[in-house]
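Quick setup: one chain, the form predicted alone, written in structure tokens, and binding and motion questions come after.
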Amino acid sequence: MGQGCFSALWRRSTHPADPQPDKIKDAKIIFVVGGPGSGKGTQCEKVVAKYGYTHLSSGDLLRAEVASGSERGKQLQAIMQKGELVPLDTVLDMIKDAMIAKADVSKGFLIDGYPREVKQGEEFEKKIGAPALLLYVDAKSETMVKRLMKRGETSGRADDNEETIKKRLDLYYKATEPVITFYEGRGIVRKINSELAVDDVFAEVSKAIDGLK
């Protein structure tokens, strides 16, 4: 490759990105972790309404990208159809793009269901930034099973049956424990008891977020 061609490529790949990370450099980032049926989705909606945060779920971003029919969406669909995991870098790029797109209007970001393992958290911090808080929305496993079974009565989701739910919860706990321990070491974990009524849970969530100011 000629020198001129290489430098043109370098300019294209470095300069457009230069001002963008600054937009999210000082953003308030909250990781939201909670098992299936913990009610974290409901709490995220309430945080958006009260605090003006942007709610980003990696699963939603992946589905939206596939639905958009973009080149990246087609590649993602092919990966998922094979039953393979989407590369971590790709997920982080999508989260970062979504954050930059909302940077001017957002008071902060709720990163939902992320990180699923410590390595993901470390990579997120390298590429995007450090979380100010990790909200751990937790309910007893039997409560989550009950809630998901109830949802299964109307959702038609094939994975809302007791055996599958218990497997999902086992996997969730195995993956989440090291993440919680890692961030507890930094003193940023706030464990929220989501056995309570929705508004009482949100009072606890609000207390944790108000403590950031």
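Quick caveat, the model's predicted, so the values are computed rather than measured. Take the two forms, find the largest set of C-alpha atoms that superpose within 1.5 Å, and that set is the rigid core. Counting begins at 1, following the sequence as shown.
The same protein has a further form, the form predicted together with a small molecule, not shown here; the description that follows concerns it.
Screening Lys28, Lys166, Arg151, Lys50 for any heavy atom within 4.5 Å of the small molecule in the predicted bound form leaves a single hit, Arg151.
Contact check for Pro178: no non-hydrogen atom falls within 4.5 Å of the small molecule in the predicted bound form. With a 4.5 Å cutoff on heavy atoms, Ala197 counts as touching the small molecule in the predicted bound form. Within this chain, Ile192 is remote from the site of the small molecule in the predicted bound form, having no heavy atom within 4.5 Å. Taking the partner from the other structure, the small molecule in the predicted bound form has a heavy atom within 4.5 Å of a heavy atom of Val201. With the core superposed, Ala132 shows a C-alpha displacement below 2 Å between the shown form and the other one. Superposition on the rigid core between the shown form and the other one places the CA atom of Gly41 less than 2 Å from its counterpart. In the core-superposed comparison between the shown form and the other one, the C-alpha atom of Val118 has shifted by less than 2 angstroms.
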